[in-house]
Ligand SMILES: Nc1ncnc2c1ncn2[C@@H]1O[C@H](COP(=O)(O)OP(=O)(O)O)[C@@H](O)[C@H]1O
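Just one chain follows, in the form predicted on its own, and it is written as structure tokens.
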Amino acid sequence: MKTNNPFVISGYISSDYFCNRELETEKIISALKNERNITLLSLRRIGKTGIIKHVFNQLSATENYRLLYLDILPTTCLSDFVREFGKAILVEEQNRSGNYLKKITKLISGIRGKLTFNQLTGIPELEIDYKKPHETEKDVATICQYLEEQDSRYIIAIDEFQQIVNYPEKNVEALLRTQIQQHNSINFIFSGSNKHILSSMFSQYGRPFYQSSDIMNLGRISKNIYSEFIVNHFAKYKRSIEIELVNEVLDDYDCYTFYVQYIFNQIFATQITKITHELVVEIAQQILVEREYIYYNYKNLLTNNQFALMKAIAKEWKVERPNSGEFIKKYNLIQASSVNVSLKSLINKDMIYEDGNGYQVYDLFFSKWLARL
């Protein structure tokens, strides 16, 4: 499948538009082929969903796997989880067979579901109505049993898996772990952007998923590989950009996949043949102007202390010790105790993160905007 813009910022098209990740892809595929589950830990928008779809693409080309993808970030309870699970199976069966409705009827009735048809697209959709809490627990088992009976090997990717710890039902981790253990024809890719919670689930002794999965930290793409990828894609369309300029953008946005892709997607969209430094600066500025109304809304949602701390961190880009006397004095912040309270709140709101080297504003465009204030 071809695209008009090779710098994809949403979804997965094909390996032609996927940058490297060869070692990571090989490791994931090796784990799955050898019947081991694997957990991907990464920051948001670093490319974990992309690599899952890339792995699926590679597996579908060489093996007869059945591949299911669930994003459970929007879910708030176990019944939501069952709905997403059922929808993923429905999508897979639709892609596999024209006779999928007959095949999936038993599963739908087993989980108290019904098929409806979208009035605009005509595409079947799954509805489930629960009246008793224990019904959802049985339905997880029903779905897994259905998959076990299909005489196929399933790979199921559950994105933002740490969301299950927020469900109101008790022992959800234990319930899911029990089902996973009972079925030999299903392997899982667990992934999530809350590295602390997700790593605790799989590495903390006494937790149901303790040591049940390989662990992979998905980092940034190598600058050398990424710059070559970018230059080559411009060249394919008979357009030129100096590799030094590409490296400048990669440094400026910390090789962070989403922001790099977004910048070059916008640059490519100009149709200009020779990309210059002035054009890159203009595009970067334009992006910040377009997002200003969002960032002013952020400001209204934060306390004065929180916003002042975010602005100070953004001006430094990354701060090792935001509660140090030197940093507090430099940016006229209130005492360390107040900074600690604001820092904790901003981390809980996913507006600041800490990666072992320091604290940074999560949204790099927002960070650039704050630094200019």
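Since the structure is predicted, the reported quantities are computational estimates derived from the model, not experimental observations. One rule holds for the numbers: they count along the sequence shown, beginning at 1.
The next section is about a form of this same protein that is not shown, the form predicted together with the ligand.
Given the ligand in the predicted bound form, answer whether the residues 8, 17 and 42 all have a heavy atom inside 4.5 Å of it.
Every residue of the spot touches the ligand in the predicted bound form.
Which one, 306, 37, 49, 338, lies within 4.5 Å of the ligand in the predicted bound form by heavy atoms?
Selected residue: 49.
Using a 4.5 Å cut on heavy atoms, which of 146, 298, 253, 258 is close to the ligand in the predicted bound form?
None of the other options qualify; the answer is 258.
Given the stretches 49-57, 339-347, 326-334, 313-321, which is the single one in contact with the ligand in the predicted bound form, using a heavy atom cutoff of 4.5 Å?
Going by heavy atoms within 4.5 Å, the stretch is 49-57.
Is there any non-hydrogen atom of residue 221 lying within 4.5 Å of the ligand in the predicted bound form?
Yes, contact at 4.5 Å.
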